[in-house]
Ligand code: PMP
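Presented below, as structure tokens, is a lone chain in the form predicted alone.
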Amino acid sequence: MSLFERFRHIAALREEFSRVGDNPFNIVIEEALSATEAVVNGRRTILAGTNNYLGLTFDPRCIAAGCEALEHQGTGTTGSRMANGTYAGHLALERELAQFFGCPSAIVFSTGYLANLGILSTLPGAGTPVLLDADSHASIYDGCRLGNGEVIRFRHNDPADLDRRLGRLGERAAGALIVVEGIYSMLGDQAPLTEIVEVKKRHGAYLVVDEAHSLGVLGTGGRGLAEQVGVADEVDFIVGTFSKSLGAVGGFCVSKWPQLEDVRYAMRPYIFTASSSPAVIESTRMALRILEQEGSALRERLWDNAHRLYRGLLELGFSLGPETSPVVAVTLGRSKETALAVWHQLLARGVYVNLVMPPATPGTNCLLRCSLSAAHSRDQVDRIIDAFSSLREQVAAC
């Protein structure tokens, strides 16, 4: 059997994409014009699928901070954090993140994916039960696969199912690790975190919350869902990313447990990965300061846009996620061919969204996933709605 035999279905899918037009999973941004617009296929296009929630990718203060670091500290560290890759900026960002979340310690990673890989492959010991929401991100699943814990899935956003599964563990439930997300990236729904915390406390388990899509988006201070629902003190570990609201790339973990510093020295994805470049670190530090100082106004604009898009698409009869969110997902049918055609027509109308197909989707249907930004204007949101409106019949045919 050929080494590549098991990739034949991917080759067939790529061939199908090439017959229709652009590959939706390899779209090329020819020129980024702003936080909300770019040139794609020579056409000015509204970016409605970038997770740039606070619109900080073109903030002049973040750009200036990155440029200054680039000029004075060079293009990269050329080493891991435990070799020569820890610069003063890395430590400063960790202090600032810890202070932002009111925690004694924080660890910065090169990507958000690596943050989950590092924490979830290292924290659980051999046989430790790890209970994760069935709709968890791939990085959560992969982190668990790298570790030695016993992975147990519970039904999405179902605290009762989590409670039953912990109950079956008996005494092993004390010390188990529960993993959920603040906002789930595909449909934009939120975890029932208050109920999950009650289950966690009843069984004596630990709780990890991935706030990747909720940092900057939820909470009076932008700290995510745990802050919004008032259970931050009951969350043991918060994992997040810099590539959404903070407009850069990287990841972090903060914890109320000072022993997180001990875990740092056991995480292979941290130990053996080159650290983030100084320019990325300094732009992230500036974005975090902007979030602290101006986050309330940015969140207000973001949620205005989210409500506008969700309401507009709902009134047009589209099937959407269960609640309003900066992630607005239009549910299509199972036909990948029709979904691909609709995605191409949206792009032709100057609107870029994410096309998501099974198995990346929670169920068996395809999605057109939009993500809004505080930087989108009302006119841009209306143009997104108009583009979808012109495709109602095609979407219905899915």
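Heads up: residue numbers just count along the shown sequence, starting at 1. All figures in this text were calculated on a predicted structure; none of them were measured in a lab.
Not pictured, yet referred to below: the form predicted in complex with the named molecule.
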Next item on the list: Considering the named molecule in the model of the complex, find the one stretch among 268 to 276, 69 to 77, 212 to 220, 292 to 300 with heavy atoms no farther than 4.5 Å from it.
Entry: 212 to 220
Note to self: Residue-level question: is residue 111 within 4.5 Å of the named molecule in the model of the complex, judged on heavy atoms?
What the structure shows: yes
Notebook entry, point to check: Within a 4.5 Å heavy atom cut-off, is residue 283 in contact with the named molecule in the model of the complex?
Noted result: no
Notebook entry, point to check: If you check in the model of the complex, is residue 325 within 4.5 Å of the named molecule, heavy atoms only?
Noted result: no
Note to self: Can you tell me whether residue 124 touches the named molecule? I mean in the model of the complex, with a 4.5 angstroms heavy atom cut-off.
What the structure shows: no
Check: Pick from 165, 81, 203, 244: which residue has any heavy atom within 4.5 angstroms of the named molecule in the model of the complex?
Finding: 244
Next item on the list: Work out which of 157, 305, 255, 185 lies within 4.5 Å of the named molecule in the model of the complex, going by heavy atoms.
Entry: 185
Next item on the list: Taking only heavy atoms into account, state which residues of 137 to 160 are within 4.5 Å of the named molecule in the model of the complex, ordered by sequence.
Entry: 137, 139
